[in-house]
Ligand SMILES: C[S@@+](CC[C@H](N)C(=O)[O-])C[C@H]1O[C@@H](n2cnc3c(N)ncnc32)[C@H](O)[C@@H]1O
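First, one chain by itself in structure tokens, the form predicted on its own.
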Amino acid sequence: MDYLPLFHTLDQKKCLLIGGGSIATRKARLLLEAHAHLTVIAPTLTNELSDLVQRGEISHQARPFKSNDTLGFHLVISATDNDLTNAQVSKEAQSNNIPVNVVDQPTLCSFIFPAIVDRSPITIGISSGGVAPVLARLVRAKLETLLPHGLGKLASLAAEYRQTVKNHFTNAKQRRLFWETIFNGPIADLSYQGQQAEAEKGLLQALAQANDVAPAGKVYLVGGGPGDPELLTLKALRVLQQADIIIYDRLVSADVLNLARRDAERIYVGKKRSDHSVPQENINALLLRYAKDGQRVVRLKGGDPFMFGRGGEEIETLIDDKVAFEVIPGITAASGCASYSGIPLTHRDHAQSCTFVTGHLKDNSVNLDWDQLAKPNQTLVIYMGLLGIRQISEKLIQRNLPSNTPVALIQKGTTHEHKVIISDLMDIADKVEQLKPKPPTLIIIGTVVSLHNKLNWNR
């Protein structure tokens, strides 16, 4: 994050605007909407600014900028076409620790203006850090179409009854759940439609029926998908944004984790081969402890929790202790990585079945049913097989799977580091030693891999 988004209180604060053209006029509108006490220094003004001066809404000094003009102001904006003046304004303001913005010159700014979606008191700022303002405005336009125009009325209703609701609930979590119900239900719809009296009545009825008791905890086993955050399911996204605790492993991408509720506690329990930083028994204990404490716990796993994710073991623990839970499937790595590599897992000319196996067992050995895996006309998908790739290829060749059978090793599939290594059973181990791919990886073995060059859309 290049800039920390902040909201400044400018009510009756003295603000200085250098420049009197069309760009300065737009900045003046924003400052006046924030109830600033505005002074403009410029030899000439637009008609709109002149009207504001005549109405006494802004002060005007009809002259160029000069030294020490910034002193005594809370915030300064320079909107002139004179580079020397802009640089002078910036230097003076920053030397006096006054926030300053120079329009279209980010290097001279101590803060920048975002594109704004105004649903007061709800305000959304969108910024590109000054590098792509047109793109920021396009994002703003998209958000304008998505957010109800009555959103501010709903926020005002919440403000009016905030203290009443706070007095009703002694439990802060129950209070937050109450507001989530209000904001996501028919009462919000009434407010959006302008039926404020009905919305207010519904809120009070809901409050009268709400018990002031600590909510019961629950665990959600959520599949985070193979890495691309756009592959997350809608249900998984909703649960992530409601979670109190998020317990996640190393296969969860940072982009997916960033979609979670900001104030949720995050607990990393990452495990990798030969390095179980948090034993499974301890993870199970964490799930039980937080759920019994009334928390909404998300156990976030890469891929799908029931595909080599030990979700079944965790559910057994929850059932034994009578803890409520829900499983939210995710796109498994096999499906995501294969699709993003142009490799169909099944194809009537190549494979009529697909077998999923893990490349190592609990004792880190590779001990599989090689005769079954070496059968023709199937696709073999191996999870966590990077370190055992040489033994895997040798065993399959020994069971008469042709040594020229195509193999794809996919690194960090569906992410921006997605990379596909194509080889065959005979040479894949040497190629891995040469290229040193980074985990997590997925291995696909079978003639469907030969379709990669033709079907690969993700180039």
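Everything numeric here is computed off the predicted structure, so don't read it as measured data. We number the residues from 1 along the sequence you see.
Heads up, the form predicted together with this ligand isn't pictured, but that's what we're talking about next.
Peer 1: Within 4.5 angstroms, counting heavy atoms, which one of the listed stretches 378-386, 145-153, 185-193, 282-290 is next to this ligand in the predicted complex?
Peer 2: Contact criterion met by 378-386 only.
Peer 1: My question is simply whether P440 lines the interface with this ligand in the predicted complex - judged by any non-hydrogen atom within 4.5 Å.
Peer 2: Contact with this ligand, yes.
Peer 1: Is D304 close enough to this ligand in the predicted complex to count, meaning some heavy atom within 4.5 Å?
Peer 2: Yes - in the predicted complex, heavy atoms of D304 and this ligand come within 4.5 Å of each other.
Peer 1: Considering non-hydrogen atoms and a 4.5 Å limit, does this ligand approach G309 in the predicted complex?
Peer 2: So G309 counts as contacting this ligand.
Peer 1: Should H37 be classed as touching this ligand in the predicted complex when contacts are defined as heavy atoms within 4.5 Å?
Peer 2: Result no; H37 lies far from this ligand in the predicted complex.
Peer 1: Just one of A199, V100, A236, L251 has a heavy atom within 4.5 Å of this ligand in the predicted complex. Which one?
Peer 2: Answer to the contact question: L251.
Peer 1: Go through I392, L49, V407, I410 and name the one with a heavy atom inside 4.5 Å of this ligand in the predicted complex.
Peer 2: Of the candidates I392, L49, V407, I410, I410 is the one lying within 4.5 Å of this ligand in the predicted complex.
Peer 1: Heavy atom within 4.5 Å of this ligand in the predicted complex: which residues of 332-346 meet that condition, in order?
Peer 2: Residues within 4.5 Å: T332, A333, C337.
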